[in-house]
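Next comes just one chain, in structure tokens: the form predicted on its own.
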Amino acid sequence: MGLLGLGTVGCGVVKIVENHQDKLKHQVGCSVKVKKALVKDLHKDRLVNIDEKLLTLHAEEVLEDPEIDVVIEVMGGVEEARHYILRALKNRKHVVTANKDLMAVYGSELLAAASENNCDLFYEASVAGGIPILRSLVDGLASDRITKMMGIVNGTTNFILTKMNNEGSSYEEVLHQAQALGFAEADPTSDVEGIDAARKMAILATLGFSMNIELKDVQVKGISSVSEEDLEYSKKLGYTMKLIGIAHREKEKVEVSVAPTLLPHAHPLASVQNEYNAVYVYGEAVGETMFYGPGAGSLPTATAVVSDLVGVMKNMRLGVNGKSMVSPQFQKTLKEKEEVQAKHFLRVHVKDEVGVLSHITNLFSNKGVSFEKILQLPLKEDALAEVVVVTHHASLQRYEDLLEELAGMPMVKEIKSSYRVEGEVAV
């Protein structure tokens, strides 16, 4: 094999290949070795001991070497990685990648190129690190019809929300802590604004629903505006907040979203702590299943990469490389806002006057949105009160229309926050 990149995950791949040679030989009947590894610095200290003769600064030494059967891309980035993978496939080399950004944007193109060249392109590690969720959707649940996938697929945001919830710290404090521990990047935008999770949900929805779901099809909201007050009210109402990706199919229409979401404390996803990931899958036949584990890290992610490598090698022994790709079965049809049904949490600051709550109640009634729970509390600020609402299920269109009209009411000072709610709190 040839490696494109020898960072955290690349070093993990080398460790697993070296330490598990006996298992690999047993699985596929031959040994596995690194022939070349593309790096940016030949003399950098690494997390694994590797002969410097195996390192190169030139991609063609990996992509053009006829003795390299499989190229493992763990370098990250999009355009350069895409270019290298297309070259590798053109040269009839199988590819394993952990690159979710790449697969979310160019997955269809790369999979088509792999099929044209009778090559495998596997990408299990691109979603949820060491959790074998993609293989489970493609193989383990192949006979079922998936109706919904809901999960925590970004470890950074789950770490931040866990700490905020358990310690009462502010978003900014916990973000700095996450950066110091290496859970968050110096520029955390992709994680905290939900973009990383959206890429993963696009991949999951494409496989789970057999539709070509693109990143632009995912409705995205991040956690940067979540406050300590939001979390405290969530707790009082029986909920835990998580950044949840949802892919839901009803008949032939789908919705895919990523947003801070309130879950009942008893929901299995509510107990997923810190940097761990979990994906809940609903199938018409199997019912509810959940996949849980470390969503990132050197060895968990490398485990998924090497598992894909084993899959490629088994296909080589059987002579069936490039035969596993199945084109999307269904044409993509996204739900309109009127068809997206959900419950919502809403927190509003209003004038503390007689009749205000009555006006708000009338607005909700006129918009066809009913209350499941409502609280009204005085604020320390003079003449202001806080109204907290959890709605019954309502269409997204009706709810957004309600928010627009609510914001324009003279007695409403500010809409402080609004979040989706999933599940029912036990009475």
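Note that residue numbering begins at 1 and tracks the sequence as displayed. Quantities reported herein were computed from a predicted structural model and do not represent experimental measurements.
What comes next is about the form predicted in complex with a small molecule, which is not displayed.
The listed set Ile244, Ile223, Met75, Val96 contains one residue whose heavy atoms approach the small molecule in the model of the complex to within 4.5 Å, identified as Met75.
Only one of Glu116, Glu185, Glu229, Glu167 comes within 4.5 Å of the small molecule in the model of the complex through a heavy atom, and that residue is Glu185. In the model of the complex, the small molecule sits within 4.5 Å of a heavy atom belonging to Lys44. Using a 4.5 angstroms threshold between heavy atoms, Met1 stays clear of the small molecule in the model of the complex. Though the partner is left out of this view, Val389 does not reach within 4.5 Å of the small molecule in the model of the complex, counting heavy atoms only.
Within this chain, Leu38 lines the site of the small molecule in the model of the complex, having a heavy atom no more than 4.5 Å away.
Annotated contact segment (heavy atom within 4.5 Å of the small molecule in the model of the complex): 96-104, selected among 229-237, 261-269, 139-147, 96-104.
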